[in-house]
Ligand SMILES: Nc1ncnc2c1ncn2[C@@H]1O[C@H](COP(=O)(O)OP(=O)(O)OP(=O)(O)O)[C@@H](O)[C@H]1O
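As structure tokens, one chain now follows by itself in the form predicted on its own.
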């Protein structure tokens, strides 16, 4: 796929119609239990049900320890459910899949590899050293504004740039699904906002199905088609809210009255209705 290189300030293109979009990810009665070293059983997830359509952007918010990351790891095939089912295109997820890319909280780049070699790693591990793969890697880096850094090493990049490299790496095999576990949580506010804009632009161009975990309610609303609100442990889905704000969106979207209403509605699910009064 040829990627159009755009400037960082360019707003995301309008989303194409989703005629015929079906349920790509199905989660049914999902449960996850862990046994601690002392022998106690911890219930991380309980009776999770969710359907996600192809090309949909789903944001997931919830308090720390509610099982958000555990849910994502199950979707990535890195953890097994204790009971219930998680499926992609009707197939039970039992191991990592080539059509699923994952971006973790930390960039986890190999320090001895160049930026380009880090992006190429997923295909090189499969023995693919083709010129076409190299061209795609360079196109992804250019798309993310990193074309001139292909020969640099991770320690020469800022944290935000490293995370952009990790996103390029996750996209290298052109997955249908992109799973993102608080990828911008450790970044400063300005860098985080910039990468939110980049992610929306990427999504509008590549049309992936995205599951994005975050602790930030405004970030969840800005990015998502729907926001999945999870309860404290054991993690359950307490609410799924549709973000009825048109795309393309920008940072100015956060000033809209409807944006504030949706954020307040989500906060109310956490018993945080008094946040505004306390701030005043």
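Note that this is a predicted model, so its numbers are computed, not measured. Numbering follows the first chain given and starts at 1.
Not pictured, yet referred to below: the form predicted in complex with the named molecule.
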property: Residue 67 within 4.5 Å of the named molecule in the predicted complex, heavy atoms; result: yes
property: The named molecule contact in the predicted complex: residue 223, any heavy atom under 4.5 Å; result: no
property: 4.5 angstroms heavy atom contact with the named molecule in the predicted complex for residue 254; result: no
property: 4.5 angstroms heavy atom contact with the named molecule in the predicted complex for residue 36; result: yes
property: Segment that reaches the named molecule in the predicted complex - one of 69-77, 190-198, 116-124, 159-167, heavy atoms within 4.5 Å; result: 69-77
property: 44, 63 and 215 each touching the named molecule in the predicted complex (heavy atom, 4.5 Å); result: yes
property: The named molecule in the predicted complex - contacting residues of 152-189, heavy atom within 4.5 Å; result: 182
